[in-house]
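The chain below stands alone and is given as structure tokens, in the form predicted on its own.
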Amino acid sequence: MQAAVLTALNEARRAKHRVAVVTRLSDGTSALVVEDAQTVGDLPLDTALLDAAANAIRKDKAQRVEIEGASYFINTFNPPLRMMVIGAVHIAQALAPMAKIAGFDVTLIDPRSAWATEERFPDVTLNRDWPDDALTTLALDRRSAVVALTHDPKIDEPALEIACRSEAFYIGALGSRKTHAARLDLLHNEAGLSEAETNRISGPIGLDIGAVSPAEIATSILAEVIQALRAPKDAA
């Protein structure tokens, strides 16, 4: 790997960007692709190679591609996936282990210590700070998902305010359409969020699969998070 590419790769990883290194196998010439298509290196990248790199980044999967008779290897270097679950509720008990299986580092955030216990959430990182303080400390990035489940405005809304002003790739909140409408009014009028910012919130949360039980609702939420993460932007 060229020195300039390696330096740029290390800088991008420190900044928690999603990146890929594209290497032409015939001569080892390479280039770094940052998620917004910025590139570093001697290898010229046409649209087909940039699209292949974007696909590898989205899928978190290294791959070999053949383009116009040349072979390339695309290696990805993405930050860890994180899910911040607001509320130690029954849905969270089902969602946390499923999200861990799907590859997320899960943090359960709830200031109610009677609910946020190791017995109810084994092998899950617990944070008993108020959600706005917790999310500020955790520094949400483009590999972070925020799932608000308490149905309690004094807990959910401060978390959503922080999330909407962050780079989190997914923000969702539990509640009916009526509840969500009231939530948006609060976030607009009291928190000063714009419609563009609150439009990022998925509410009611989860894909519409007719889910009823906590486990089914958790499944619909995780499916929507993965869709936001993996689906091409024009298909999401």
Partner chain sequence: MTAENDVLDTAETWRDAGHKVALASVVSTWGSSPRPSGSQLAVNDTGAFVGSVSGGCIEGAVIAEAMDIMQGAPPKLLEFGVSNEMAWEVGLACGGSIAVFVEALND
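Positions refer to the first chain, counted from 1. These numbers come from a predicted model, not from an experiment.
This next part talks about the form predicted together with its partner chain, which is not shown.
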Please determine whether each residue of R13, D27 and N75 possesses a non-hydrogen atom within 4.5 angstroms of its partner chain in the model of the complex.
yes
Within 4.5 Å, heavy atoms only, which of K59, H188, R64, R177 is in contact with its partner chain in the model of the complex?
R64
Counting only heavy atoms and a 4.5 Å cutoff, which of 67-75, 114-122, 85-93, 149-157 contacts its partner chain in the model of the complex?
67-75
Answer with yes or no whether L9 is in contact with its partner chain in the model of the complex, where contact means some heavy atom within 4.5 Å.
yes
Contacts with its partner chain in the model of the complex - residues in 95-123 whose heavy atoms fall within 4.5 Å:
G103
Distance direction in the model of the complex for the C-alpha atoms of A12 and A139, relative to the displayed form (3 angstroms or more)
farther
Per the comparison in the model of the complex, the V19 and A196 C-alpha atoms (change 3 Å or more) are positioned farther
